[in-house]
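Okay, here we've got a single chain as structure tokens, the form predicted alone, with questions on binding and movement later.
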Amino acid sequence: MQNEHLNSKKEKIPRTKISEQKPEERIKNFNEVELGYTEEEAVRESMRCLMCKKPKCIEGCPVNIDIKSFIAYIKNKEFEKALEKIREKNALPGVCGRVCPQEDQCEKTCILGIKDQPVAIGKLERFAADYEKNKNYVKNYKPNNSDEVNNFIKANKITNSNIESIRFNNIKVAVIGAGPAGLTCSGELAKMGYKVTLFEALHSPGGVLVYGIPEFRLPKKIVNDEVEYVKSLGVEIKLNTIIGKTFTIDELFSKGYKSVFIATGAGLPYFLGIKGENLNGVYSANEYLTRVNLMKAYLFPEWDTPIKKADIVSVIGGGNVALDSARTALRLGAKKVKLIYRRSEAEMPGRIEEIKHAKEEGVEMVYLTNPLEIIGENGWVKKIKCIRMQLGEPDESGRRRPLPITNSEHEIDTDIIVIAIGQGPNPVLTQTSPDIMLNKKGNIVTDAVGKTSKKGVFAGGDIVTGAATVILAMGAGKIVANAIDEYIKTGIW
């Protein structure tokens, strides 16, 4: 009875709102929109947790973080221990606390959410990660052996059991792609003692975290800090290295790597296949966001990465990438930004809070509208010819199928178009490894633990599933790390 009384009191504590920049201010800068919890706010929110005997929230987490325990540490103001508990299962807490769709995962299964709003698990995870952001013990540290690790631990008074347990075995494993799946797998393998080399095609590690997600949603400093933590575990990262061009997978094996994990993501943009897509002023979201984020076009004139700025920008799509593109265009100075989506808001795959932020900032939502043709003048975009849609019966995605309305064609003025309708696997690597089986979409075919048709080669994340979430890619990285460990130890394929 006493526990029931305590739990009922917790249900009456309102969910702690997170402070944000005001919309009229944030569209003038690329600073983070959400400002994070203070210590007082984090403790208050942690007190809402019911501390269930069998927490369902853990089942909802793709990497199985011990959510109950880390929240208990925050409640007791043991913030560093909270982060250590998270890092037992998640090497990228600062990232996940910001961009993971907790509302569809851990928070969706929170028991408190049945009668009230669920515990703000993601915000608390972010708080724990940010609390440590001024500590520098993982900066620029690259251990070569277990003695170096032990000396480093003693000198910096580190209590993290994951670092403390590293004993290197000098067995080499190659990981291809420094995005969420590759970073996670590399960190897990390093903790097991493997000598991991992480190959990245771009000039900065992080994958979609650095080229795709804007600064105002995920500051690059946060990504850099998480990468440094992975490097501190002993992972070597080689940049500007395209596997399939610089080396093939067979050449990696010839260099002594005992296993290879492919985590190259989904970096090949899809297009509409309509007339006019080759006009100047038409961008894929991949190119648009990469120029702004990774190549820092938003810091003009300090960085002179070329990107066209315009008064009217139209973004095609309804997911997080489309929302990121639209909100980026506003910050680059667009006077009007339209997000054109062929279904209604109820069917949008973008996160609820990102839709909310976009509306607050002035993005005009143009629902039930589908582009038919891009119209240009002197080689540059001028208009989009569209048709209005209505919703029919649900399709294979479970969403109602959009159907065109006869004689509803119309034109929309625009200066730039950003196409954000999804992306698929880049074939550069797989073209040089024909013995790796692909499906019709070009994704790598694997079994439940990431084994491909090529002995010793594993794959996971978006290269297998198609474009999905950061946390699902990380979950795949953890599963594959364990599978690689078993394969190397047993030799069984």
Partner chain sequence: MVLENQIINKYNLTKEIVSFEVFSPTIANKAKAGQFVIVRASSNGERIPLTIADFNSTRGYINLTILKRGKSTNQLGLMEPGQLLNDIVGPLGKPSEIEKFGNVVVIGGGVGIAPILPIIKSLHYEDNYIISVLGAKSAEGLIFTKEIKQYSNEFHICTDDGSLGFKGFVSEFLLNYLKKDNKKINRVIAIGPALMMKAVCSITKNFNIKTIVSLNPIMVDGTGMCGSCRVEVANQTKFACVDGPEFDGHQVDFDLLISRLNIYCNEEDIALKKFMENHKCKMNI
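This is a predicted model, so every value here is computed, not measured. Numbering follows the first chain given and starts at 1.
Absent from the display: the form predicted in complex with its partner chain. The rest refers to it.
Only one segment in the set 316-324, 350-358, 399-407, 244-252 has residues whose heavy atoms sit within 4.5 Å of its partner chain in the predicted bound form; it is 244-252. Taking non-hydrogen atoms only, residue 302 approaches its partner chain to within 4.5 angstroms in the predicted bound form.
Proximity of residue 73 to its partner chain in the predicted bound form falls outside the 4.5 Å heavy atom cutoff. Not displayed here, its partner chain is approached by residue 308 to within 4.5 Å at the level of heavy atoms in the predicted bound form. In the predicted bound form, its partner chain sits beyond 4.5 Å of every heavy atom of residue 101. Although its partner chain is omitted here, in the predicted bound form all of 211, 279 and 295 have a heavy atom within 4.5 Å of it. Listed residues 370, 109, 197, 290 were compared with its partner chain in the predicted bound form; 290 is the one with a heavy atom within 4.5 Å.
Taking a 4.5 Å heavy atom cutoff to its partner chain in the predicted bound form, the contact residue among 387, 223, 201, 375 is 201. Counting a residue when any of its non-hydrogen atoms is within 4.5 Å of its partner chain in the predicted bound form, the hits in 264-289 run 267, 268, 269, 271, 277, 278, 279, 280, 282, 283, 284, 286, 287.
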